[in-house]
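First, one chain by itself: the form predicted alone, in structure tokens.
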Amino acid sequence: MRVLMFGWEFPPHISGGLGTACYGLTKALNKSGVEIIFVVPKAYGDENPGRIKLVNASDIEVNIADEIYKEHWDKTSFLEIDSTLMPYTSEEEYFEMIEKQEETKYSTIDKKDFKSQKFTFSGGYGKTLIDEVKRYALIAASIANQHEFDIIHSHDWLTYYAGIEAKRVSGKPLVVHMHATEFDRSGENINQNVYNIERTGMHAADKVIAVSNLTRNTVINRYGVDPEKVTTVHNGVEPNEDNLYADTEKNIKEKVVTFLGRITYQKGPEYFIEAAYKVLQRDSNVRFVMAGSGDLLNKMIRRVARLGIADKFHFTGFLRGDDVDKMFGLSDVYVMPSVSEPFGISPLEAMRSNVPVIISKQSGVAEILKHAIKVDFWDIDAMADAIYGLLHYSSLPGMFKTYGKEEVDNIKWDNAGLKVKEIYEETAKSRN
């Protein structure tokens, strides 16, 4: 079986869990005998896709005079812009990045004069994220017209239009993967444009994969998707490799408690800070680390300053690769206080590094983990008590390290890959 898969990023160029999940899943599918053509807006040349065929959308030439593009083009107006686009970026953050460009140039495209052209996704096209998504869909139609495949798989809302166009051109069935909904990212204050794309993509799809039952329920209840076509496939974690930085010498006497993730509403960074303040009232021999970046970063820095705990708090910025392993190696406790977390791979990565974890009950990963402390994201007293307990009662972290490591070693991408392969086979069979 051959799959045409649309993503937005591929390691080592990632900005969040989406790229990590896509990489783990594609490797597992490939191992199970599925051939994958993986498309990204921009390939940098230093990726290591293995047996996966990585297609750079920036290399694809299209000519809208061709009838296959006409329908998509006629529904879309474009504005060229030299800017930057990141997955999970809000429109507000996107416009801030645009303003930072020193040589931003706008130019409208005249359809009458348009001939064969490549859209170079050097960092993003389009005045808004929505325009950028539509451009990617135009390229997707061309790619679908050039390759042979059995099924289409689109990851998250940024690629849903691409999947729809590929389905329209090829007639092949479409599977969309919901890694995070707009309600997870924004609460009730959703971006209606993003919601509309998510809803359109899921209703156009033959099957919808949700990363947790929590996400599946949101897809059904908030987007009106037929429950019969929504299947939960939990994420996995990369096969265990000993963390070379495990139990790294910290060169400080204090214990280290870590938050690692995007500093946004969804991840609940403010609850981590409030719990840290409560812990420090009982024990000043602790340091807290907030690793990540996001639109709430400055607000969190100000809150730490107002609470008077800046000397015990560290902001590292976004971490990737070895730096993540180093951070876990320095950590005594990992906390994920997410307000709404569709899954949450980082606790698995922490447990793999022998770090005990505290996770919110409002996370998909809570559905499959037994050896983790679970608290409501808003219950900062319970969170503070859990942190204090893991730092002061040696038998508690010892138990979580021993059994947590064993548990996470059995949460494999290979299992997720086999389930997704079954979905492919069932979907393809139902269309024949």
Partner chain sequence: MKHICLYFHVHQPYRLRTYRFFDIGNSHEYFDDYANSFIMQQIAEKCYLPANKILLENIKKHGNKFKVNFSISGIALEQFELYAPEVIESFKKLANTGAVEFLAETYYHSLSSLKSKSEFKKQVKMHSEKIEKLFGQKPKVFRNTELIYSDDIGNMVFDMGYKTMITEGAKHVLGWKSPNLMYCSAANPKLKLLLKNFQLSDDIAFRFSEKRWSEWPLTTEKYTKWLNALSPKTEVVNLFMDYETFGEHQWAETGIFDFLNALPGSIIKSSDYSFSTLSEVSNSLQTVSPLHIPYPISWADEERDLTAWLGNELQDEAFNKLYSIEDKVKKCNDEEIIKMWRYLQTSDNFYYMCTKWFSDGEVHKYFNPYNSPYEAFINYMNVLSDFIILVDEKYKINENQSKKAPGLKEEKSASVKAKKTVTKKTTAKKTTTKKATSKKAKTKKASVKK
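Numbering follows the first chain given and starts at 1. Note that the structure is a prediction, hence the values are computed from the model and not measured.
The same protein also has a form predicted in complex with the partner chain, omitted here; what follows describes it.
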>> Please tell me whether the candidate spot formed by Lys278, Tyr388 and Thr402 is one where all three residues come within 4.5 Å of the partner chain in the model of the complex (heavy atoms).
In response: yes
>> How about Lys31 - does it come within 4.5 Å of the partner chain in the model of the complex, if we only consider non-hydrogen atoms?
In response: no
>> Since only the chain is shown here, I'm wondering whether Ala384 would be in contact with the partner chain in the model of the complex (any heavy atom pair within 4.5 Å).
In response: yes
>> Against the partner chain in the model of the complex, would Val39 count as a contact residue? Criterion: heavy atoms within 4.5 Å.
In response: no
>> Does any part of Glu35 reach within 4.5 Å of the partner chain in the model of the complex? Heavy atoms only, please.
In response: no
>> Given the stretches 217 to 225, 198 to 206, 279 to 287, 293 to 301, which is the single one in contact with the partner chain in the model of the complex, using a heavy atom cutoff of 4.5 Å?
In response: 279 to 287
> Which one, Lys361, His147, Lys326, Lys250, lies within 4.5 Å of the partner chain in the model of the complex by heavy atoms?
Replying inline: Lys361
> Though the partner is not shown here, which residues of 358 to 396 have a heavy atom within 4.5 Å of the partner chain in the model of the complex?
Replying inline: Lys361, Lys370, His371, Ala372, Ile373, Lys374, Asp379, Asp381, Ala382, Ala384, Asp385, Ala386, Tyr388, Gly389, Tyr393, Ser394, Ser395, Leu396
